[in-house]
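There is one chain below, alone, in structure tokens, taken in the form predicted on its own.
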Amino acid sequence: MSNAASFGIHDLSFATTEYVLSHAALAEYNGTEIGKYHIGIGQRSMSVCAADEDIVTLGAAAAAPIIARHGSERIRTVVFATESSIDQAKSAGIYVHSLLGLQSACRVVELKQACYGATAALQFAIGLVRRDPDQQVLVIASDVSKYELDSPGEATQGAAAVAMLVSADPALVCIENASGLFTADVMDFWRPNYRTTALVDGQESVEAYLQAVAGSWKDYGEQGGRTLDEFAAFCYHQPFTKMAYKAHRHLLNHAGHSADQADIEHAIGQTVAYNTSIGNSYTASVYLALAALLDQADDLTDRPIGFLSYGSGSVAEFFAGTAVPGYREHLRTAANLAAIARRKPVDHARYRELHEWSFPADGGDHPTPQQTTGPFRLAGVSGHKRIYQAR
């Protein structure tokens, strides 16, 4: 058995959709000044799902390279975090488990708490690996962010999945023990069972997020966490990338630090590159920020990185991780850039068709049109059962 004293993220891979809509096309359609999107919310495009892709196909596509690199013999747990679940009973992770051919001696569960769910999954995974360091846990964060057409939230849509292999002696990021927690009962964003699109109170959501930043940071300090000056960079949940800047400025002010714009850019700037192109990916967002940071930053070896994970409703957690010596040898930078570049642009009319596409609710035989070119697809529904295919 390993005698490792460190636990964290051993590998990280992500996938996004077949299609992309530029915010320039959205602005041209609705007459919005493009600066409202490019500058106001910090978004340039959004990933758009094909009819034959969903959180399962995205999650499997994100995880497949990890299995290819490391094998699956040590994976005895899969935790699937999402807030755009496809079933009220069965974990989406079970479909992924099947598509990836994982061993039957494995527990699979789905976690939900808005955009925070993946961080809960990561922390739970570390607890399992700490108990038995010979095991590894596959954490998948996969979401499709969807609002009503022509609604205020429409410009913040997106979709992606991040897969993380959690282990002892991690090759990428060691997660530190101290963790600051915060929960408050607020109705800033929610999606009742009878709706396919979310409801959001934009101003309430920003205020709830900032309240959670202050609350989780306060608890982090009380748990013996690091001082603000020690961190090399900060990865925030990004419902839109400008929110990371708002959040960090709020944290600096709350902690009595100068909120100099250059300092904020230094702390945040390299974490927004993927989210600004993909859009909001809910549970995956903060870990897309990590991927962007690791792919772009100068050597971060042994440098602390701050994480602020926020999920509406609301739950937040502030914690720290340090980049492991040699981490750059394990990055997937080329694959990450290719995942974004491979998306096919759609015009606004085509985007609206894709947005409104859905299965009839009669549970009959309904194949999906073949639109995707990725390794997995949602082939259709038959007898109320979703059917997936590996290519």
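From 1 onward, residues are counted along the sequence shown. The shown structure was predicted, so the numbers you read here are calculated from the model rather than taken from an experiment.
From this point on, the text means the form predicted together with a small molecule, which you will not see here.
**Prompt:** Pick from 159 to 167, 94 to 102, 131 to 139, 205 to 213: which stretch has non-hydrogen atoms within 4.5 Å of the small molecule in the predicted bound form?
**Reply:** Looking at the other structure, the answer is 205 to 213.
**Message:** My question is simply whether residue 36 lines the interface with the small molecule in the predicted bound form - judged by any non-hydrogen atom within 4.5 Å.
**Reply:** Taking the distances in the predicted bound form, the answer for residue 36 is yes, it comes within 4.5 Å of the small molecule.
**Request:** May I ask you to check whether residue 310 falls inside a 4.5 Å heavy atom distance of the small molecule in the predicted bound form?
**Result:** Residue 310 belongs to the contact set for the small molecule.
**Asked** Does the small molecule come within 4.5 Å of any heavy atom of residue 153 in the predicted bound form?
**Response** Answer yes; at least one heavy atom of residue 153 falls within 4.5 Å of the small molecule in the predicted bound form.
**Prompt:** Using 4.5 Å between non-hydrogen atoms, is residue 279 touching the small molecule in the predicted bound form?
**Reply:** Output for residue 279 is no: heavy atoms all beyond 4.5 Å of the small molecule.
**Message:** Please tell me which of 303, 90, 112, 242 lies within 4.5 Å of the small molecule in the predicted bound form, judged by heavy atoms.
**Reply:** If I apply the 4.5 Å criterion carefully, the residue I get is 242.
**Contact residue in the predicted bound form, from 67, 41, 51, 324 (heavy atom within 4.5 Å of the small molecule)** = Among 67, 41, 51, 324, a heavy atom within 4.5 Å of the small molecule in the predicted bound form occurs only for 41.
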